[in-house]
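So here's one chain in two forms, each on its own in structure tokens, numbered structure 1 and structure 2.
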Structure 1
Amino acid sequence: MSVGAPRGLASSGQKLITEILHPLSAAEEPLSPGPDVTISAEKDKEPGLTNGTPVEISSPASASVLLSRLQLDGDPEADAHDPFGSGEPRDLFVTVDDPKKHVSTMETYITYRVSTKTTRIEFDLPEYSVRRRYQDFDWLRIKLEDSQPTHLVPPLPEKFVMKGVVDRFSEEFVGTRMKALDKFLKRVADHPVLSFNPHLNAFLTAKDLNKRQGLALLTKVGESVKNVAGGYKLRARPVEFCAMGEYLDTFSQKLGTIDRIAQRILREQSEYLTELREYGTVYSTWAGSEEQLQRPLEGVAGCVTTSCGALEDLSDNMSQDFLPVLREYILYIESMKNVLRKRDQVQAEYEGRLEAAVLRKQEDRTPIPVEVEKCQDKVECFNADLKADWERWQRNKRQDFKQLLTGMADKNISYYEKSQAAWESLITLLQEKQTEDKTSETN
């Protein structure tokens, strides 16, 4: 992909978008170290993630620094349960960062830097850095789904945004999208099968991604045809897959509810914030007409303002970090349900063909054709892949939600801590003043 003259985002006034920290970063509040939290040497500049992939903000780290950081990282829990791994250390690390706006005559779009570090022999070089746009990620995802239909491919953030409603170039939107793309790539890179996919290799390494958009379109059509065609009816879905389907249905429902609750909280918090601001100004106004009480009243106004700021931070965090991750999981579940449906189709096809072949055999002793056996293989492979993926998905889900909810708790705690600190310093001030007043009285 050719990188045009990269320009900073003109639209966003405040900080450079390149300075956006990774959402899962522990930059501000040090999390209590657990097996899933990265402890890095330079705590405030190099935040880490659950799977140990460091996020680069300023300069790309050299391989040796990276390796030393890796020694501190580790997800022993995940490795222990990983059926694919034999306790091997990870050897493919990807990062998405550094969004830049590109303006051409035809269109304006954002590209992201995709950095790769690997020791795998499938890659020619140990390091790569390329620029990709959302379209490219979409292409990758389609290719992965097509080439590995029996595996769960992680979801991408929503493709379409209403042009009038959402500012596609706002710092917030780009930041949220970038985090989701980063997560997508990391999940793929983590996957024992998907990560060896040649399309991923091309995505990570090619200077110009030869996408052949037309083909992508066809493939999408082909896929839906594959789903519809066959028309075989499924006899008996194995219990475990029924359970998976039920679980996904209920889980998706619960996540939807949580999403609604979180949005409701955001709305209520916003209204609370409005009233709180007004409330603070009343204290300030009153202070203007008082003498002795001026300082205490100003003090209270100040504390209220601080609390407002802290509340705003909390709300921003919920809408930029919490909600998007939640929605992403809902998409993930949808794509998983799709895979389950595909599996059902494959099984149905096999059963249908088998039945037909058996009947024919009974009639004229024609042996069971090879295709039928191939179908059986297909079913068994699909089932095995799916089960393995399911296990790993469940593990990741557990980690992801543990982190998500813990993050939410942390942000709330931080909000209250900031507010408490402000009020406590006011008390000290006021009590000092009281003693001052008393001594001046006795004099």
Structure 2
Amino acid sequence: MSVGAPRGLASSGQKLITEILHPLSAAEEPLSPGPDVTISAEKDKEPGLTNGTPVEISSPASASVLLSRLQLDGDPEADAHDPFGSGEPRDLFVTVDDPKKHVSTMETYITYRVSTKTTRIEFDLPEYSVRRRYQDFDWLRIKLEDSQPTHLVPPLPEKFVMKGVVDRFSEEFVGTRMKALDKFLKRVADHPVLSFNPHLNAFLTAKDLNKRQGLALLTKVGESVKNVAGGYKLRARPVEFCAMGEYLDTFSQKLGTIDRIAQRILREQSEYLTELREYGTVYSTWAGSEEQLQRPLEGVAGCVTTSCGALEDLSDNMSQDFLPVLREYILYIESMKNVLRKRDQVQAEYEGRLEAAVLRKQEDRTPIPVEVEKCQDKVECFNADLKADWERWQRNKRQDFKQLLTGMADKNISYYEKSQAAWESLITLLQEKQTEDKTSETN
């Protein structure tokens, strides 16, 4: 399998994300997933499973308008038509919504409605609607990783939260998790290989998901990953995959730093918001005992109240939109590193078998066994699938961070515009009060 020469990456030191070169940016021949993975993912079905906040319009000077004028990373209209940047026609649409709380004698949990619309012949009906809880999504992710080890499976939001710190049944937490689950399922449905996996079909259509029986499908590649020749150490990871590892290390460092600072900013904003509300109350109380200063004092209290509302919106955006995306990509990095490790294991198996075959050939001149050639095919299949998923992940990342940073810019602009407008209105009120006082003195 021939591939173009990859472009090297800088070492994983402290550098800006924008300075990190794309490790696969050099031109290369198109690579398709190996036949052994595709066939095993599309055949046998499991027996026994039956089918069964207001949007704000930005101002003309908003960051989104400025960004669209720059036309970063290609045509913005193309990104709008295909939010996942696949460039392929979509025939499977999924949505996660309508969370509901269930209380029983044994446990309390949340389920989400999973709606599906499709024209694929693998589905008996064009539309489905089932309810799933978090552990069902986790079951799907594990099955996808087991049956498609050569592909990058999107991450799920963390299951466990600190008791007493986060209420996992609160409206805010459930809403944030619902968005993350919806994004996870949309990414899987958009994937050209994972979207045809029988486990996904069962997850989307089965009224009663038999997770204990499951779909006992493991590709030949997956079996080889689980049965790697023990004790053999990989000689050297190919340069393009070394570049991927270095990129992921650097990207992880940057996201971790941003996440840590952003959470500290959020805590400080929360403390400042508490003080600011108390600050405004003082002026409201004071206005009741100062007849001559009542209007100005009430004006100050109103400005503080407006500033509180604007700051609360800014904090909500950071906690509900900004931080979850950062966390998702931190988990994405771990998923990608896991796939890289699996690829290394397959390569180590191939190198071990090849080395043993060469020694036997030197001793008794026996030909290279067919198993060695099959191992080489598995390595090439793994390399092709991983590169394709890497390119897809990079496209999604660029699109997600464009939207994330644009939204952050819009929210900050809105915060300062609201605060500025409030305090400017106070100046007008004070000027009018001064004019009235001069008029009354003249009379």
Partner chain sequence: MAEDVKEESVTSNDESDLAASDGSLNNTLRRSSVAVMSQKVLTVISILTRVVMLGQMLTEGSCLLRRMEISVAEAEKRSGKNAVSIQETYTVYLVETRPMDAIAEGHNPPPDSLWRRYSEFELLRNYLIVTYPYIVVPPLPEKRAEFVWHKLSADNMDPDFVERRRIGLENFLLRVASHPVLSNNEMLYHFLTKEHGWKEMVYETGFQAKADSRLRALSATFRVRSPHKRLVEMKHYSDGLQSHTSQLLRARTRVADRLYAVYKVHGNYGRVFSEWSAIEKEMGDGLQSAGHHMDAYAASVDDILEEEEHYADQLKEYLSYAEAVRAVCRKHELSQFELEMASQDLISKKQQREELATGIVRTFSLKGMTNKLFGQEAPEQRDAKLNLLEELIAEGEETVKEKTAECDEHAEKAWADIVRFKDQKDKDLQEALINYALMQISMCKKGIQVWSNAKECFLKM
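Residues are numbered by position in structure 1's sequence, first residue being 1. Computed from a predicted model, the values in this text were never measured in an experiment. What we label the rigid core is the largest C-alpha set whose atoms superpose within 1.5 Å from one form to the other.
- Task: Would you check which of the pair is the form predicted together with its partner chain?
- Result: Pick structure 1; the other is not the form predicted together with its partner chain.
- Query: With both forms fit on the core, is the shift of the CA atom of K337 between structures 1 and 2 2 Å or larger?
  - Reply: It does not reach a 2 Å shift.
- Does E278 count as moved between structures 1 and 2, where moved means a C-alpha shift of 2 angstroms or more after fitting the rigid core? Yes.
- Whole degrees only: how far is the smaller rigid part turned between structures 1 and 2? The angle the smaller part turns through between structures 1 and 2 is 18 degrees.
- Item | C-alpha positional change at S425 between structures 1 and 2 - rigid core reference, Å | So the C-alpha of this residue moves 3.7 Å.
- Item | Rigid-core-fitted C-alpha displacement of D437 between structures 1 and 2 (angstrom) | Comparing between structures 1 and 2 after core fitting, D437 shifts 4.7 Å at its C-alpha.
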